[in-house]
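The chain below stands alone, shown as structure tokens; this is the form predicted alone.
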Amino acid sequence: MQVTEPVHKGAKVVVIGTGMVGATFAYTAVMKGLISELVLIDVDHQRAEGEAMDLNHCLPFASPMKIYAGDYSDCVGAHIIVITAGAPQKPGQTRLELAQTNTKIMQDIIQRVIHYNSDTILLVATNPVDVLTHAAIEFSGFSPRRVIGSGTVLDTARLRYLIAEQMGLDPRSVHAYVIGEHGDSELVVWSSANIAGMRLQDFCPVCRSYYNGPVLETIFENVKNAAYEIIKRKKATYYGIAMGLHRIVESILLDQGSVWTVSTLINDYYGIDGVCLGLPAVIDSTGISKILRIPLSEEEAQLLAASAAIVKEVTLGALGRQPKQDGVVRDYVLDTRAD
């Protein structure tokens, strides 16, 4: 029987960072009505207060809940803490430097959180999300199953939308994954992409569409470049990632056992160890209950290994452990854009 009531009665969720992503997630949470207490924390307390005031005015149209701007002491009793806070990339700043900057911010946040709550589930959305998920695990000392990065949830959603648009389908009927880094080294698992169990190349004659290398490459490039194109037009992206964060929260609170491509610490995954990457994982009331070892072609496994190597070296650098080569720390192209 499907669970329709939260496993955690009177669920409390804390959002750290009330920029566009954090505020939009909070709005989504209000509209969905799953939680009873929503706390907003921001270094700019007045911003958090303003968002809480505005959200409270939604309540006559939504479900009863308590919404307020708080501080880290309000993390007590929170079932899930969503972290969206972080510095944006500045002109002239390398992506490695931004990873280091946001790792320091993450360390400060985690130290404050665990002072008040060491039993919560952490949901990290700050970029570079794979690096910062790893950092959150280290700084908190939590089991990796209780530290979840938003990973390639949004990339996967974009992929499914674009495939569905190509084939004239409901995106929810498309089953395909983007895995690896949330960024330029990510990859699509085309070998298992399907609709109703039919491989894409088998389904295309049915929908009178077409399936070939250039079409797939265009779809993939549009997935990778979606954030750039949106930011070019409206300065930021936040709706898609906010919905993705909500679905992860919903999967936890309703103990759904849903599969999402979240960023999680992996070991012995096609020979890859000790790095956080976006991979399909089962999310339930405990957090990440299982990482799914999906079938990969030989080429896909190689691409995943290459993505892991990039993320791992930047992670080591951000944590102050990256070895220098010829006295220079390499600046990999790790995606730290807005989602």
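All residue numbers are counted from 1 along the displayed sequence. All values reported here derive from a predicted model rather than from experimental measurement.
The following text describes the form predicted in complex with a small molecule, which does not appear among the structures shown.
Q) Might residue 193 be said to contact the small molecule in the model of the complex, defining contact as any heavy atom within 4.5 Å? A) Although the small molecule is absent here, residue 193 would stay clear of it in the model of the complex, with no heavy atoms inside 4.5 Å.
Q. With the cut-off set at 4.5 Å between non-hydrogen atoms, does residue 85 touch the small molecule in the model of the complex?
A. Yes - in the model of the complex, heavy atoms of residue 85 and the small molecule come within 4.5 Å of each other.
Q: Answer with yes or no whether residue 140 is in contact with the small molecule in the model of the complex, where contact means some heavy atom within 4.5 Å.
A: No.
Q: Determine whether any heavy atom of residue 17 comes within 4.5 Å of a heavy atom of the small molecule in the model of the complex, and answer yes or no.
A: Answer yes; at least one heavy atom of residue 17 falls within 4.5 Å of the small molecule in the model of the complex.
(Q) Within 4.5 angstroms, counting heavy atoms, which one of the listed stretches 266 to 274, 56 to 64, 297 to 305, 37 to 45 is next to the small molecule in the model of the complex? (A) One stretch meets the cut-off, namely 37 to 45.
Q.
Please tell me which of 122, 252, 125, 159 lies within 4.5 Å of the small molecule in the model of the complex, judged by heavy atoms.
A. By the 4.5 Å criterion, the partner-contacting residue is 125.
Q: Could you work out which of 147, 262, 154, 81 is the residue within 4.5 angstroms of the small molecule in the model of the complex, going by heavy atoms?
A: In short, 154.
Q) Looking in the model of the complex, is the small molecule within 4.5 angstroms of a heavy atom from every one of 134, 178 and 248? A) Checking in the model of the complex: none of 134, 178 and 248 is within 4.5 Å of the small molecule.
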